[in-house]
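Have a look below at one chain only, the form predicted alone, in structure tokens format.
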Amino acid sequence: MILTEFDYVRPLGLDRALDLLAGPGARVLAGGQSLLPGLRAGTERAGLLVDVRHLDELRGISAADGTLRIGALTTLAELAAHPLVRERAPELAAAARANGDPQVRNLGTAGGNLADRGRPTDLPVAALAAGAEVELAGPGGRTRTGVEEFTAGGVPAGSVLTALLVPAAGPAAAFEKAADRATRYPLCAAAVRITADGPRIAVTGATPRALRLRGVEDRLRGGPYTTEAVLAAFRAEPRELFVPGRGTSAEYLGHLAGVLTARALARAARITA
């Protein structure tokens, strides 16, 4: 299908972009890996595309005061390869590396992957396990919100996701994914980070959205992180937590989520040994 008719603007700065996004039908164009196919297929609508791809203030990766700041326009390829991310937030690097194919990773952005609500994507679950926050710019200025709240609500109308803020806790973290063979989106993905307070565990694909599984965390607090212990912790979760689909049952997805989490915990635990 061909694209529907819309207007296009390339603003010189973020403030002007926000002014334009206050209008009806305005959408942000960043990597475009989800929006443009959606416009072609008719599943997305836009009266105005506000192109922010050239805004340097939305790019780059830096570290300060124990936090990684990842600009929303940082590509998935840059995120996967950056030494700071690989060292201090390896679950983020692994999630970016698992996303799509090289062409998608070279064009797709961290912000777009976090904000895509049409299907499960890889970065939100890793960011959730890391205890990350997102920074938003909107009519009221800059605000920060936890990834857990953000995945439930998405980007507010008229706002732009400017950065992902990730606690730089070191290498005791991992990401595992079982991909849909046709789309490379996660059939199920799990991310973990082992902290002094116990494991942080998040799952996507098998659940309605990226979710932190606090019940599983509580059952595994203090260890051990054996496959048997992890699967038992997942079996204690309510089955309605896992959403059947694409030819799979809730029971299968719950088991798959447990297997992937056990693999991720085993890798993270080996790093701390």
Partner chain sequence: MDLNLNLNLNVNGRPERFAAQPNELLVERLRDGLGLTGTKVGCDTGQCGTCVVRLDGRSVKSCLVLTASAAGSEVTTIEGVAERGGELTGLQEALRQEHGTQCGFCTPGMVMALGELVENTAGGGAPTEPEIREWLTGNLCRCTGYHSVVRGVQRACAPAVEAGAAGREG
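Small disclaimer: the values here were computed from a predicted structure and weren't measured. Numbering follows the first chain given and starts at 1.
Missing here is the form predicted in complex with its partner chain; even so, the following discussion is about that form.
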{"query": "Answer option from 184, 86, 117, 144, heavy atom within 4.5 Å of its partner chain in the predicted complex", "finding": "184"}
{"query": "Selected contact from 214, 221, 45, 54, since only one has a non-hydrogen atom within 4.5 angstroms of its partner chain in the predicted complex", "finding": "54"}
{"query": "Contact stretch among 23 to 31, 224 to 232, 64 to 72, 202 to 210 - heavy atom within 4.5 Å of its partner chain in the predicted complex", "finding": "23 to 31"}
{"query": "Close approach of residue 37 to its partner chain in the predicted complex, 4.5 Å, heavy atom", "finding": "yes"}
{"query": "Touches its partner chain in the predicted complex: residue 90 (any heavy atom, 4.5 Å)", "finding": "no"}
{"query": "Contact flag, residue 58 vs its partner chain in the predicted complex, heavy atom cut 4.5 Å", "finding": "no"}
{"query": "Residue 195: touches its partner chain in the predicted complex, heavy atom cutoff 4.5 angstroms", "finding": "no"}
{"query": "Partner contacts in the predicted complex for 84 to 103 (non-hydrogen atom within 4.5 angstroms of its partner chain)", "finding": "97, 100, 101, 102, 103"}
